[in-house]
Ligand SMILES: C[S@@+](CC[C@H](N)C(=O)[O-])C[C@H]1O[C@@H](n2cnc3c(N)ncnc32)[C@H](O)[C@@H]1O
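Form predicted on its own, single chain, as structure tokens, below.
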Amino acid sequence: MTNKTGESKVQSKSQLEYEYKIGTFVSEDNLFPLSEEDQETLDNFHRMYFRLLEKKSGLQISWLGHQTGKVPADLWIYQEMMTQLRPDLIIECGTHWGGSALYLANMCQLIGTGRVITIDLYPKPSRPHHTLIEYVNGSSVDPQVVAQVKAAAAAHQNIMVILDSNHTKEHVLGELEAYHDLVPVGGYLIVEDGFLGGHPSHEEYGPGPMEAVDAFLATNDSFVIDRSKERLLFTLNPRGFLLRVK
């Protein structure tokens, strides 16, 4: 409900409880590799999406009134992954306005397990509060921050990692090297915004997340790219869903 100031009041679990059952359906769609014609169509749509919707602070969509720079298709895939894998901890590098951290925390609520640690060098005002969100201020590759996060993660085994902070090749590669060992076999490390550097847009960006993935996989055979997680076609994370296989 909403009070006279327009502020929403959310009833706590102690006041109102819902009963529901989580299903077991898992999509088996795996569309990649696409034909050249289909890939060109998808790339053209991607470039149009950014041409029409990108603002000074990036893409602007919201979750429960909090800004997030992700796209609906990727958020949908995240909730499918979380429902299937039931991670007990999600580490997010790159908080920005906090909308995606709130989304992940809300999904943890719905599936009944998990919490979120989110890291950002430049904390924003009015980040959303949630019992399942822990904010860490600092660079995601600062040794002290890495040590702090790993200490908090020590009690958890089923961990998902999402990299969405500084997108330069060097920084993303540093994150991959810092956090990949937290992901269990069968779990995922997700490298966001691989589209940068001409994959297929923002050519001016230079080497970025996709180049970092290539460099990481060249020396680490514990992960493989799972393109089935791109099954909704439009993603900001091409070749960025890394599945740990050993």
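All residue numbers refer to positions in the sequence shown, first residue = 1. Since we're looking at a predicted model, the values are computed, not measured.
Quick note: we don't show the form predicted in complex with the named molecule, though the next part is all about it.
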Leu132, Ala73, Leu121, Leu85 - the one with a heavy atom within 4.5 Å of the named molecule in the predicted bound form: Leu121
Answer option from Asn166, Asn158, Thr113, Gln148, heavy atom within 4.5 Å of the named molecule in the predicted bound form: Asn166
Site check His46, Gly194 and Lys229: each within 4.5 Å of the named molecule in the predicted bound form by heavy atom: no
Exercise: Gly138 in contact with the named molecule in the predicted bound form, heavy atom 4.5 Å: yes
The named molecule contact in the predicted bound form: Arg127, any heavy atom under 4.5 Å: no
Touches the named molecule in the predicted bound form: Pro184 (any heavy atom, 4.5 Å): no
Residue contact check: Gly69 to the named molecule in the predicted bound form, 4.5 Å heavy atom: yes
The named molecule in the predicted bound form - contacting residues of 70-109, heavy atom within 4.5 Å: Lys70, Glu92, Gly94, Thr95, His96, Trp97, Ser100
